[in-house]
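This document opens with one chain alone, in structure tokens, the form predicted on its own.
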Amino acid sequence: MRNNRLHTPDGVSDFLGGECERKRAAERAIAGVFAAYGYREAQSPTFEYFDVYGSGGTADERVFRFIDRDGAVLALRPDMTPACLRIAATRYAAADAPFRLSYIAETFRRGEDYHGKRREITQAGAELIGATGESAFAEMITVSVESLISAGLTDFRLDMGSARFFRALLAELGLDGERGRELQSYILSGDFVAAGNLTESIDAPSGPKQLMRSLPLFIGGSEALERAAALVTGSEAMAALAALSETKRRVDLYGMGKYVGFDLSMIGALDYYTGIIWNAYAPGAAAAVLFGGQYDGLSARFGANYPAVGFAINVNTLLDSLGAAPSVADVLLVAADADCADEAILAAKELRRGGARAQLSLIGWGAEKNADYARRQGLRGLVYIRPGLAEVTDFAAGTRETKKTRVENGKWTII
């Protein structure tokens, strides 16, 4: 029988040493981008009333629920966006819109199959609530790109699609209700053969039918939008394509256009997204590193009527894309001969004052013993104190230097 005291549940994990440092460094870099664009940090409770997240749909099954002592149904937050909309609706006046909020928080999701899937996910995201249009979209996409770059990711692509365009295309095909939802489910699952068969079976104009059958081919630069525009007939579909094009033009003004393209097969969940949507992908990641979009109707749940657009970075997936964490910590071990114990304390203090990370050895004297310990701990090097001397060993560089030292008025210095 497995001893659960020694294991973590499926879908969660520990972070240690270099993994923690890399994660925190990425989060700090992303938070710096949010702040530079004026997005103010928001923190919501780890658990709230289920009503904040539950909608009565199948997605509710992903929410961890439990009962409070007074019988209220509570939930661990599966996503930060509803919490941000609740904050905007209850803490701000409508006349002060738009609101720029950001967060870095743990989210929790359950599912039927946990194999390879996380149930605790760190999300870093931003929400622009109370603003809409191409300027708002371009700002959010630019913040998306700059956030990934700041965290150290340079090999990625961000694709834009449009739920608005897909709805317009369904209307041109005369597909609404159950058949429209069926076609949507095929495309969301990637079954474009079934989507093509359904499209072929209906009586509709040839251009929209051709476009729907071959949606995965409408990916790339502006030429993808031009080819799509040649096949649609309705003004709403044309307006959706024009919004995508104009958003990209404004992203170009920010200097981030080289990372951004189009993918008209990206349609999102139509009961959530109302307009532009985007995902970012990177090598080494099994899923999107970042996902975002426009969700104008969601604030109605909280008694407000705000347009909104936002995105979230899956920090765990981002770290997968960045590769292995450094195995060596940038920390020096400070040790000493038996008669230099006090000097080692002063030396470690001065090293920290100078900006280095230094930990004092607690395993006793002996240079080789301390060097072996520092290597096993994955530390950068060893500073070993002898009377009037310091032996400085850098394990990564493979160097060892001996420097003269002195202690005057309680201060340790290298001569």
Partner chain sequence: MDDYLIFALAKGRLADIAADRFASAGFGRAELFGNSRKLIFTDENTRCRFFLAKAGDVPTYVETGAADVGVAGKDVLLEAGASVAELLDLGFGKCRVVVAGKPEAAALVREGNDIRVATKYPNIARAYFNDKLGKTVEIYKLSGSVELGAAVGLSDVIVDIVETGSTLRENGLVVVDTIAWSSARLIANRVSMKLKSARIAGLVGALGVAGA
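Keep in mind it's a predicted model, so treat the numbers as computed, not measured. Residue numbers count along the first chain shown, from 1.
From this point on, the text means the form predicted together with the partner chain, which you will not see here.
Determine which one of 215 to 223, 129 to 137, 245 to 253, 82 to 90 lies within 4.5 Å of the partner chain in the predicted complex, judging by heavy atom distances; exactly one does. Going through the listed ranges, the match is 215 to 223.
So in the predicted complex, does any heavy atom of residue 206 sit within 4.5 Å of the partner chain? Residue 206 lies outside the contact set for the partner chain.
Should residue 177 be counted as a contact of the partner chain in the predicted complex, where contact means heavy atoms within 4.5 Å? No, residue 177 stays farther than 4.5 Å from the partner chain in the predicted complex.
Given that the partner chain is not shown alongside this chain, does residue 201 nevertheless sit within 4.5 Å of it in the predicted complex, heavy atom to heavy atom? So residue 201 does not count as contacting the partner chain.
Can residue 96 be called a contact residue for the partner chain in the predicted complex at 4.5 Å between heavy atoms? The answer is no: residue 96 has no heavy atom within 4.5 Å of the partner chain.
Does the partner chain, in the predicted complex, lie within 4.5 angstroms of each residue among 10, 52 and 75, using heavy atoms as the measure? None of them does, since no heavy atom lies within 4.5 Å of the partner.
Only one of 302, 192, 291, 259 comes within 4.5 Å of the partner chain in the predicted complex by heavy atoms, so just point that one out. Selected option: 192.
Though the partner chain is not shown, can you say which of 188, 345, 171, 229 has a heavy atom within 4.5 Å of it in the predicted complex? None of the others qualify; the residue that does is 188.
Can you name the residues of 122 to 158 that have a non-hydrogen atom within 4.5 angstroms of the partner chain in the predicted complex? Contacts from 122 to 158: 155, 157.
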